[in-house]
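Consider the single chain below, provided in structure tokens and representing the form predicted alone.
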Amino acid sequence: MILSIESSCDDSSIAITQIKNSKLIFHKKISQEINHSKYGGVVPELAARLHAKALPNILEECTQYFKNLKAVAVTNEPGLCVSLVEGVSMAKALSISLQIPILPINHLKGHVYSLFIDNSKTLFPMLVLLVSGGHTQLLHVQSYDDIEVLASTLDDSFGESFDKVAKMLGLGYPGGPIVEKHALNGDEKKFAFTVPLLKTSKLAFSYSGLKNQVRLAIQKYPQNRDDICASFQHVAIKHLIHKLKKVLQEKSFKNFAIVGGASANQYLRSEMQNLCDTNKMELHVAKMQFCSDNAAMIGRCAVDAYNLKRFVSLSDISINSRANF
């Protein structure tokens, strides 16, 4: 078995995954959302202190599996440095005490593998849209090692823009599910926000301009928050679809997936299903409990890393807060 640790931001999580069949044996996550909500976003130093308390508590529930462990996997990039170091420190301690090797895992790659938790088979090649609080990327994934970034955000990420809109409206944190809930009661055509980068052929994403349009609307019509949420969500997702269509005009794909915390948005899933139906693609999504950051996805990714023997020494494992693939 592999013990995996995730602490890249504000979720403390540990999982146990069986190597031979990728079966998830144990998984627990402790969220810090309540602790950070009053600040309107994640406070790095607070997150680190909470990880230092939560991770050992979860680990105590895993001692029965120690005798079966063949490796310890840990998220080492990207993320908040002070949060990553808590998980990496625990992984090093386990490596020394249990005499097992370490597998460093890229957090973004973990989100891709969230699609295959409890499944020993992958579906590569596939087109993957990664949408989270920190990243918006369109990926062509052909294998564990072969991941091409086709497009990324020039500024704010998709998930981050939802958090900022929620904050401007005084709705609370995290913003994604709150904005989505308010959008259900709003008119998505009420505000004619401009789709970002609509008149450029550049394959990229951008949400800073849309966020500013929302800010101006809030100043003028503060009472129309449901309509603002609905209109913002509609255009934010329309922007993703516009850029996806450009890619699909050049190349066809059999499999398409959306991953990351923001992939839990039901409106997004519905619109992406329509896009897949039009382009004869099969849509793949992770189970709702595995969309946000979790150690189960790190463990599933670690199974492939283990089979590829991607072990590193204690001195060679590094933390990279801004890593890509």
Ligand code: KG4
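Since we're looking at a predicted model, the values are computed, not measured. In case it trips you up, residue 1 is the first one in the sequence shown, and so on.
One more form of this protein should be noted, the form predicted in complex with this ligand, which is absent from this view; the next part is about it.
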Using a 4.5 Å cut on heavy atoms, which of Glu77, Glu86, Asp227, Glu160 is close to this ligand in the predicted complex?
-> Glu160
Exactly one of Lys243, His182, His234, His107 has a non-hydrogen atom within 4.5 Å of this ligand in the predicted complex; which residue is it?
-> His107
Using a 4.5 Å heavy atom cut-off, state whether Pro177 contacts this ligand in the predicted complex.
-> yes
If you check in the predicted complex, is Leu50 within 4.5 Å of this ligand, heavy atoms only?
-> no
Answer with yes or no whether Ala262 is in contact with this ligand in the predicted complex, where contact means some heavy atom within 4.5 Å.
-> yes
Is there a non-hydrogen atom of Ser132 within 4.5 angstroms of a non-hydrogen atom of this ligand in the predicted complex?
-> yes
Listed range touching this ligand, judged in the predicted complex by heavy atoms within 4.5 Å, from 51-59, 273-281, 64-72, 254-262 | 254-262
Just give me the residues of 274-295, first to last, that have a heavy atom within 4.5 Å of this ligand in the predicted complex.
-> Cys291, Ser292, Asp293
